[in-house]
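Read the single chain below, which is given as structure tokens and is the form predicted on its own.
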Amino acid sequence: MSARENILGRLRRAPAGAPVPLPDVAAWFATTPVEDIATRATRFKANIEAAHAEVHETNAADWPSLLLEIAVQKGLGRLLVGHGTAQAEVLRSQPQHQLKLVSYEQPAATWRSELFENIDCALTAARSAIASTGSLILWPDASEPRLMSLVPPVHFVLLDAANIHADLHAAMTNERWAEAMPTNALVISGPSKTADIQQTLAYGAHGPRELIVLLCHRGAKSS
């Protein structure tokens, strides 16, 4: 009898054990100290900036002008926005500006060349974020398809500070992910990056080279 047959035979002859109880994950996370919105926002900002993302703190009234200002500073000319989204309408209502808004309202196959070659940046809204890892949570849909956060070299993300969770467990529980999940849920922790065998990092290899978060606080802008 070979060693393989001997091992498999012992496994087959072993008595069936009782089911192993599942760990009480909720009880473990319940021991985590409760943080207020400001503390979670501070942790999120520090962690995502450590991953080479930009974070600009603003509010609901000022974020459009801030986005336009950043776009001009970076020499961006064409911004991809979701079709029929609230943030797209807000940007269209702004005074005359140099940034051209391009609406994502047709299948990618019909305008692939323009999408991949002529779009400088895109704006999407984050569903929420995770403070412990500095991660954004995006749920792409028909209005804001996955390619919006993948193809343009610069990705703007609009995030409400009130929607920052302490950790992934809190996000999944508070938002009731188990009841309705999208086809494609995204957790983004910085711009796209890769490294070679010498551990030399390169940004933008598989997606945007720049990730810019517009962190919106309720009321006055955080200092």
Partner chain sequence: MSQNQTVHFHPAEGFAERSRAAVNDAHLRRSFRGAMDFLQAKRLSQFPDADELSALRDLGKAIRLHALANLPDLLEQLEAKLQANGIQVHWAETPDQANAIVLDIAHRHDAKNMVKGKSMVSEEIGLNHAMEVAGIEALETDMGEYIVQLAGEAPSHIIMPAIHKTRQQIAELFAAKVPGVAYTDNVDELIRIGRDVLRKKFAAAEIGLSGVNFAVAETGTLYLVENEGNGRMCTSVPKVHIAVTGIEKVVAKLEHVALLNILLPRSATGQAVETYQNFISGPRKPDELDGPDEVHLILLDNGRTQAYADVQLRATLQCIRCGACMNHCPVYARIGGHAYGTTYPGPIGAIISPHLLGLEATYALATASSLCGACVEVCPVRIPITDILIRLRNEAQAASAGKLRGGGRARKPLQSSIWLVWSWIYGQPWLYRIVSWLMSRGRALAPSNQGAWTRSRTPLNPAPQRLRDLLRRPASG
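In this text the structure is predicted, and so the values were computed from the model without any measurement. Numbering follows the first chain given and starts at 1.
If you look for the form predicted in complex with the partner chain, you will not find it shown, but the lines that follow are about it.
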In the model of the complex, does each residue in the set L68, Q96 and L101 place a non-hydrogen atom within 4.5 angstroms of the partner chain?
no
Interface membership of G75, the partner chain in the model of the complex, 4.5 Å heavy atom rule
no
Determine whether any heavy atom of S189 comes within 4.5 Å of a heavy atom of the partner chain in the model of the complex, and answer yes or no.
yes
Would you check, heavy atoms only and a 4.5 Å threshold, whether K193 touches the partner chain in the model of the complex?
yes
Whether T85 contacts the partner chain in the model of the complex should be assessed with a 4.5 Å heavy atom distance threshold; does it?
no
Heavy atoms within 4.5 Å of the partner chain in the model of the complex: which stretch among 156-164, 37-45, 52-60, 169-177?
169-177
Contact set, 95-134 vs the partner chain in the model of the complex - heavy atom within 4.5 angstroms
Y104, E105, Q106, P107, A108, R112, F116, T133
